[in-house]
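One chain comes next, on its own, written as structure tokens: the form predicted on its own.
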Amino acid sequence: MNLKKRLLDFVDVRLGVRDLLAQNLTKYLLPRNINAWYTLGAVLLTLFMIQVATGILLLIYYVPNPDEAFQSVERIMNEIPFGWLIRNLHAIGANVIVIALLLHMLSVLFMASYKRPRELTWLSGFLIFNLALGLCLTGYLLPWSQLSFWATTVATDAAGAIPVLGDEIVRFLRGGSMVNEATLGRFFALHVMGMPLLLGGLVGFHLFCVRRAGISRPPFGPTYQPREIPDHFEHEEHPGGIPFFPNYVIKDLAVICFFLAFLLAIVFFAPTLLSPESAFVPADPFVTPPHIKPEWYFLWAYQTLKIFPSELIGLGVQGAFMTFLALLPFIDRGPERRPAMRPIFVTSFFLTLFVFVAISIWGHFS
């Protein structure tokens, strides 16, 4: 015990770790009426760490070569001890991350937590969401199955609708006129190095913004009062609130355990729930399987391109919508955050959500 205390004292004198821990744990106060939706950030951090750990383990045996990629994945699943568990945790975990990201963004939108002074928090979170989708897309090709090969072909084809530069963008993404060895190499490099580095930087900046601007007070209850934020920076404090540790950490851990239980339930009891037969067949560039569709989180984009008479119009609509979402904090500048006092926004929120779900279901069955 004395040795442990001496080591802690040695580090504390030089780095001030006791004060640092106190400022970010026991003395870090949160609003008393904070709800479970605020735990999704901790859930996402946990899921991202699982993705990093399982991804590193998969790299030991995966071979990023069209002639060996599918066989290496089969070997991981069938021969390597617990390889099936690591691979399923990684593949299914990506879907659970998208679910958690969507819930996190929807809760932020509904509670208007993107408003001043948290514009940069929203923008960094929005970029994290899109980068996570990019990671899903690049990782989808790596098994080199019929499904992943042709789904990537369809996804990269969409860029060809862009005027003038469309064909060049497609060739840049694929490394040639069609999905081939160069495409696999590019997607592999982006998936294991390029995008994770960007994601790590964005997550760090997002957490910095959350800590500096403070956690927004839930806009519910009789004690909530909207107020103008002054022109100069002001860190929002919550006097009389609950300490982050141990009070709120317990709530974080409870929701994290729920998501982990959800992930493990799919891994052990329904690992092929989202995998059609073409996901278990090696890629064949000369045989196009029927009814190739992207993953569920891309179905809305896939169906949007089919709705409009021109893919260019569909891409324009998608781009306009995503741009509007990114710039929402600069468009919706009023101080009011209570949902009951924002009927137009709340109605638009639920109508848009309904349309996206309906289009995704349409895309699944079309």
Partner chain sequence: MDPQSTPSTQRRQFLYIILGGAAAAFAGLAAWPVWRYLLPGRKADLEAKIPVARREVPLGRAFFFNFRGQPAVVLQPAPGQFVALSAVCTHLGCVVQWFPDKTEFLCPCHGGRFNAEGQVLGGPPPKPLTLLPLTIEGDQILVG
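Residue numbers count along the first chain shown, from 1. If you superpose the two forms and keep the largest set of C-alpha atoms that fall within 1.5 Å, you have the rigid core. Source: prediction; values computed, not measured.
Beyond the structure shown, there is the form predicted in complex with its partner chain, which is absent from this document and is the topic of what follows.
Although the partner is absent from this view, residue 80 contacts its partner chain in the predicted complex, with a non-hydrogen atom inside 4.5 angstroms.
Although the partner is absent here, residue 155 sits far enough away that none of its heavy atoms falls within 4.5 Å of its partner chain in the predicted complex.
The closest non-hydrogen atom of residue 199 lies beyond 4.5 Å of its partner chain in the predicted complex. Put simply, residue 341 is far from its partner chain in the predicted complex: not one heavy atom of it is within 4.5 Å. Screening 85, 100, 162, 109 for any heavy atom within 4.5 Å of its partner chain in the predicted complex leaves a single hit, 85.
Exactly one listed residue, out of 326, 307, 60, 36, brings a non-hydrogen atom to within 4.5 Å of its partner chain in the predicted complex: 60. Comment: 85-93 is the region of 85-93, 140-148, 126-134, 205-213 lying near its partner chain in the predicted complex, near meaning a non-hydrogen atom within 4.5 Å.
Once both forms are fitted on their rigid core, the CA atom of residue 8 lies 2 Å or more apart between the shown form and the other one.
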